[in-house]
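Shown below, as structure tokens, is a lone chain in the form predicted on its own; questions about how it binds or moves come after it.
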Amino acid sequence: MEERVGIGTSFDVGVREMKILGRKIQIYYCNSLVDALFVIEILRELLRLVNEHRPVSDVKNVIKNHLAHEQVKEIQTMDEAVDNMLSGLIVLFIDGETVGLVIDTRHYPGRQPEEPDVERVVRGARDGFTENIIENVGLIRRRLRDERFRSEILRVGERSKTDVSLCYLKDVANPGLVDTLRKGLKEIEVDGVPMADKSIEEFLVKQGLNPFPLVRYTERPDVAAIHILEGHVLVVTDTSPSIIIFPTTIFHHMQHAEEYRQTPVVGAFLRWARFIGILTSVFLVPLWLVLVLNDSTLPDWLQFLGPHNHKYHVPILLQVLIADIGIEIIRMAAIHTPTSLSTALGLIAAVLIGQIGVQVGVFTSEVILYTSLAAIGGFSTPSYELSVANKIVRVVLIFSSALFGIPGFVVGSTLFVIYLARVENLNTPYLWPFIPFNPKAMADVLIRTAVPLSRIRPSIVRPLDKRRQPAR
């Protein structure tokens, strides 16, 4: 153990040697990953054996029976001992025995469950996932008290040995999907996954040059639980507050928990408002640009479009690109700006860049207006990954509209839809239920259905049990 884990070198690796019932025992643990109170209690219980028992032949079983903890198991190899100790468990060796004992007293440093910033709701649960895999699985199990709920644990990374859990309902989730993900996790060969879930995703999903997210992330336990009930499979990674949902389509990235915390009519209204915002973030600026650059084709009721009487010194296309990229830079600056200075950053962006930029002729008012509306539409997108991908598509459409006019906008938009229709992940069409068309499922996407009326699970996950509620 001194050679394997650095006993005497690493300050956070502890060892305690004792003599119990005539045998020498050694206890190894990581100070930073165990609960010190449990360690002290176990040592106290072992010391009681000295006074209460005479030397016996079966020392191992006597010690094992006196370990006051709910999880005690035997191990056979040194590799198991090292892996368990570095995962936060206590390893106990008894002189003369061919097996060791492992006691689970993990206590990972971390924070309390809090509502995630990205998925806030007006009404609803305020707890969210943390960086602790045990707490995260517990938050899901609290909402799914079903004996058929499974949470398999695996370890990924030759050096990091990161805990990864597959969560699903045994009688609902597609066994082929579960086997595919389990096999994919076991085949990962890498030193470590310090970026946790994102690194895991890149091994399980062949992303290539596709900017659109092929899996959905969530930090809300209620969202995770409802997806498990639908037949999805979750991948929970230790050290990450986000869990991965398999499989997903583009419409999964457009839904938000707030829609299901309101009445069906209000939820449908919120969903449609969000759809309009997402479409605005993609098509508004390219459409405005193509109309302005081809103003001879504008009907009378659209003649107000364009900088007719405004002096500007920068071409319209360059203005749009500068404003679009500038908003993205401001967003990144806001992430790295302390909260106390975020107000000042907003004033700089609004007054110095926007207003003064218009006055000196760098921008026109309409460029600021439409790029701001597109940015707001991007912020209304529930999935951050989808909003960034939409921004990339918007820039491509801006160039095609500026270079080729109306045909460029039409052809670019058509190719965009065709490209999404050809994307698949885990045999799941990305535009389902729009392409291929499924009327019932498409209606559920467009209109927030009341829970009592949602009796069938989505067919896209190929569930074993298709009915959410017992047949009447």
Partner chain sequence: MDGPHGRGKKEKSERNTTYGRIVLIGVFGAVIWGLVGYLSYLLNFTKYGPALILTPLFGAKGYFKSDAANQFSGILALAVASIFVGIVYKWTLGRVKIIWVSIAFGLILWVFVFYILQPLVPGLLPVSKLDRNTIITTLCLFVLYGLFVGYSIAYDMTSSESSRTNGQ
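Numbering follows the first chain given and starts at 1. Keep in mind that what you see is a predicted model, and the values were worked out from it rather than measured.
Absent from the display: the form predicted together with its partner chain. The rest refers to it.
Residues placing heavy atoms within 4.5 Å of its partner chain in the predicted complex fall in a single listed stretch, namely 295-303, out of 143-151, 380-388, 322-330, 295-303. Of the heavy atoms in V121, none are within 4.5 Å of its partner chain in the predicted complex.
Though the partner is left out of this view, I418 does reach within 4.5 Å of its partner chain in the predicted complex, counting heavy atoms only. With a 4.5 Å cutoff on heavy atoms, D35 does not count as touching its partner chain in the predicted complex; it lies far away. Residue contact with its partner chain in the predicted complex: F409 places a heavy atom within 4.5 Å of it. Using a 4.5 angstroms heavy atom cutoff to its partner chain in the predicted complex, none of S10, L67 and L89 count as contacting. Think of it this way: in the predicted complex, its partner chain has a heavy atom of just one of L166, L287, L270, I94 within 4.5 Å, and the residue is L287.
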